[in-house]
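Single chain ahead, by itself, as structure tokens, in the form predicted alone.
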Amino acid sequence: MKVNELKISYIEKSHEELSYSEKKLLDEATAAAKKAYAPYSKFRVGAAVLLGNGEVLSGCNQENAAFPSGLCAERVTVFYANAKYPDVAVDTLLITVLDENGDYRGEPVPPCGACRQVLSETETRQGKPMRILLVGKSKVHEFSSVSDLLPFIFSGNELL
């Protein structure tokens, strides 16, 4: 038997350390989270992307009484970006979660497994890494690639 170790690095910074463009993404994601349809979980997620052409798009989670029928903010946003600009890469994805009072949740919240898979395939399809920013109340976690969140991706190669 052999034990392997996997090391993942990320940057932790404060809201004050965000660049102008990152603050714009945070504003867009926050506004989107406020529009989330989350009557069951009260877990309001907003996401915003900065595309390679400079466009910023955002989306929020959409719940449904039949829970599997809802969709997470990350997938709403990335699917919207890919539908509107199919040949433009996502440079940065920012995700934030608001509590019932409209305040940022304490810790940055990572995407669920289904979203990680979609983000991974988006990154593979566009042929370049997508920077991920997860924003909490007092800190931001920055990942340089989706592979930092999902190191053992399931790609189309497994289907061959």
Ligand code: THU
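Numbering starts at 1 and runs along the sequence shown. Source: prediction; values computed, not measured.
The discussion below concerns the form predicted in complex with this ligand, not included here.
Q. Are any of the heavy atoms in Cys112 no more than 4.5 Å from a heavy atom of this ligand in the model of the complex?
A. Taking the distances in the model of the complex, the answer for Cys112 is yes, it comes within 4.5 Å of this ligand.
Q. Is Ser69 one of the residues lying within 4.5 Å of this ligand in the model of the complex, judged by heavy atom distances?
A. Judged by the heavy-atom cut-off of 4.5 Å, Ser69 is well away from this ligand in the model of the complex.
Q | Val90: touches this ligand in the model of the complex, heavy atom cutoff 4.5 angstroms | A | No.
Q: May I ask you to state whether Ala73 is within 4.5 Å of this ligand in the model of the complex, using heavy atom distances?
A: Ala73 belongs to the contact set for this ligand.
Q. Among the candidate residues Val45, Val49, Ile132, Val135, which is the single one with a non-hydrogen atom no more than 4.5 Å from this ligand in the model of the complex?
A. Flagged contact: Val45.
**Q.** in the model of the complex, segment of 100-108, 24-32, 37-45, 122-130 with a heavy atom within 4.5 Å of this ligand
**A.** Result for this chain: 37-45.
Q.
Given a 4.5 Å distance limit between heavy atoms, list every residue of 46-66 close to this ligand in the model of the complex, or none if there are none.
A. Counting only heavy atoms within 4.5 Å of this ligand in the model of the complex, the contacting residues of 46-66 are Asn61, Glu63.
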